[in-house]
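Same chain, two versions here, written out as structure tokens and called structure 1 and structure 2.
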Structure 1
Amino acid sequence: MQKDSLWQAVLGEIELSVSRGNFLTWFKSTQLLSHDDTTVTVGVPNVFIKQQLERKYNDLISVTLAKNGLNPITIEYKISPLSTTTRAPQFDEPIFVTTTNQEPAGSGAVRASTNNSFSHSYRQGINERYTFDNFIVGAGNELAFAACQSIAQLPGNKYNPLFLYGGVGIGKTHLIQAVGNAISKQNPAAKVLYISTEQFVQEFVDALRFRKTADFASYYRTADVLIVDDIQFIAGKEKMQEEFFHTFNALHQGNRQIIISSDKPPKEIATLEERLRSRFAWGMSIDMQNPDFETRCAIVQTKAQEHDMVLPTDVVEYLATNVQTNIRELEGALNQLLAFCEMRALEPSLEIVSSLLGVSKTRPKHLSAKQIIERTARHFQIPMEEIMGPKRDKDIVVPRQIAMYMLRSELHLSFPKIARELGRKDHTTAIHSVEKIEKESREDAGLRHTLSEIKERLYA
């Protein structure tokens, strides 16, 4: 099996196990240099990443290698010049450098000059792989896709800001970076900045520490396009929110495009200042939903083709059926299958994929009615006894109706069975509850987000 394919499969699984910031910092720039029956050698760009992988992530890497057919006695980490595409933080040196002309999107590079602008030694550029052409459009994301294409043609003129929100692993990051890539291709001179909120906050903290806040502000407020991922992590950080407020105002006043992603709508981000909440709603807010079955099938087929592989229809449908809430997990399951088959020179089949993946992590067969009711009660912070009790208070009735809907949608229980599970005698209550939640979820983005959160925690 090719080393690159194997290591990409390993990285795909690791990305699901660690935070996005940790993956980008410690894993993204690594590569598999060699492997045999006893030793695996991993190339890393510097000593800091080498030490972190040895001390903190060695067990995770070992377990993930085993899942993909390698069981080395030892894992060696070797500093390799070929791994230096991304530089990790140099914790023992100042992290501010000066930059000249804006680097092309996707380079993530840093250059020294006499111009006194601000940059950071571990900022991540836009990933050039994320384009509109390889984004799979379905019912849950077609509005977001259309809005992003419109912005790419006339940035700053339409839908400013654009605020995309939805659950994890549904393509928000891909789509917002696709806008940046399209704008940069159309206008290479445009200053297009992409940054995760985690990195944005870290840069601001460092700017305060090294008294470089003016450079920090100047860098971001002169952007033509600012793309900020996972803005929910700004909640509760008062100084950071104030700085972002002024950056937002400066860009918006200059008709510069702002694109933001989050796991929830602005009104549901706790401890977010009201002035930011209102500004996030100025332009267009779009709820990106989980991909439907047909879209998941298309994603599996497209990703398989990228590996020069055509999968049988029953294998595609098995993956799409068993991994339903997260595109990253779907891609991880596919990578695991392809790596396993390539290692053993096998053709992917339904028998192999079912035995390899077993019961999907996101759709466990042992899920019970009690677990669904308990998770729903916990989400709303009410005792399970009350959700199953006789109380008719609104703060009890709505969670009870949602629990009934979940029992119907996830376990396909009959209405009499649902009523019994919730301690009701009349099954017409269950019918009314399920129909009510079905109808309201089509119109209420907040309710859809609640249902999605409960499902994600059920299948975590």
Structure 2
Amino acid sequence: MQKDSLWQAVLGEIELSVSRGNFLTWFKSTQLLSHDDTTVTVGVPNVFIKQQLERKYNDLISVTLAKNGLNPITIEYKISPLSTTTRAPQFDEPIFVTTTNQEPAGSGAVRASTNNSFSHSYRQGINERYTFDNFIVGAGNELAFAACQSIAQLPGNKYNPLFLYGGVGIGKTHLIQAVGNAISKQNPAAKVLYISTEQFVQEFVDALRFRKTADFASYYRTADVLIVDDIQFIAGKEKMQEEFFHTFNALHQGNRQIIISSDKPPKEIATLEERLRSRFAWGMSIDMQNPDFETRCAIVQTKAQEHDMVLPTDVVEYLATNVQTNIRELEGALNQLLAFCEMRALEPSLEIVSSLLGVSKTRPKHLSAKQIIERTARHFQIPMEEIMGPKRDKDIVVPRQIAMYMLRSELHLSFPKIARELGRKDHTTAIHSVEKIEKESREDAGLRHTLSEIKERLYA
């Protein structure tokens, strides 16, 4: 049999025994380079596919070859540029090319399987919910969207770093995580790291404390794609900036993609080292704006559809007109409406939405922010000064986060207001805290219990 048709027969059988995703990722762009009695040589496009085939699929390939009349003693996988023809356009050259050179021949270590001792339970990673597909594009975010898509197709190449900045709740995190998701989907072995700057700093502090800075450095400096969210938090943290500077250089030199988000442009981040500022300007900086009215309407309608609801136009327009701060708030208002209607088996209408949005602003009149903070502090038996103060100990930080969560859930305060109530300047801390408690309370019954206890006392 011809090499090609032989390999097509082998692939045809393999296709039947692995999932479609696995087939497309690992097998589709392979080819048979040569074979004799002892050795079959398979051409593969990159080192990740090579390693995956060697480690995971070698037996399957061997058995399938045998069925087609070949019984080699060894199967060799060789990185071969020819086998790039059928795969996604040029995807992995820019970011993997140096990897291939660095990897010692026959090395079994897959870099992406981060069997690194440096791991942290609080690292959040990427949320699969954030994709390009469910991101609505319109005036305000279209440039950012286009840049992110182009990065997903060709990471490390064109816009490096990408620096996305804009106000809170307008889709920065969604978009930069969508890049990560798209890249991971195309190449599951790529080491795509997403980290919020707060976590980044916390990990670095821990690394210093436990003398693990070398692990920390090697973990981040071997990323294929590094996504750092809310970089404004690096302001004033000199050692962290120094560390990030080196990470940045290592990745950039290796053509690894770097994506950064911030609530303001680099030049407005106070106490950002000049050399980092200039690095951030190397690639592309894009300003994201709150989307225009039409886009906001489209977002509301799409999010409603995700809940299997189609909203009347007047309801959509009411929301898009009345919640103009940002998309997060808009989504919150929509969810409130949907929950209200669902519980009472009502169809959403203009009457309902207008009374609901009107009411929710005034509802908890009898409760003040101060009462909520006091109640939370008392629950954890810590003094008010501590919860309002600068301390970062865990037994103070968690109650503080819970207080922020309560201010949000009970008083619907805006994030900047929540931050101010707790004596904080930066509202992104409030966002992270509320999101963290929301997320953890879904998984942690103990925390849910704590929250309802505090609430009960509040309303008692």
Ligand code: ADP
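So that the term is clear: the rigid core is the largest set of C-alpha atoms that superpose within 1.5 Å between two forms. Source: prediction; values computed, not measured. For numbering, take structure 1's sequence and count from 1.
- Only structure 2 matches the form predicted together with adenosine-5'-diphosphate.
- Once the rigid core is used as the reference frame, the Cα position of Ile75 differs between structures 1 and 2 by 2 Å or more.
- Taking the rigid core as fixed, one finds a CA shift for Leu337 smaller than 2 Å between structures 1 and 2.
- Annotation: Cα of Arg375 displaced by at least 2 Å between structures 1 and 2, core superposition.
- On rigid-core superposition between structures 1 and 2, the C-alpha of Ala430 is found to move 37.5 angstrom.
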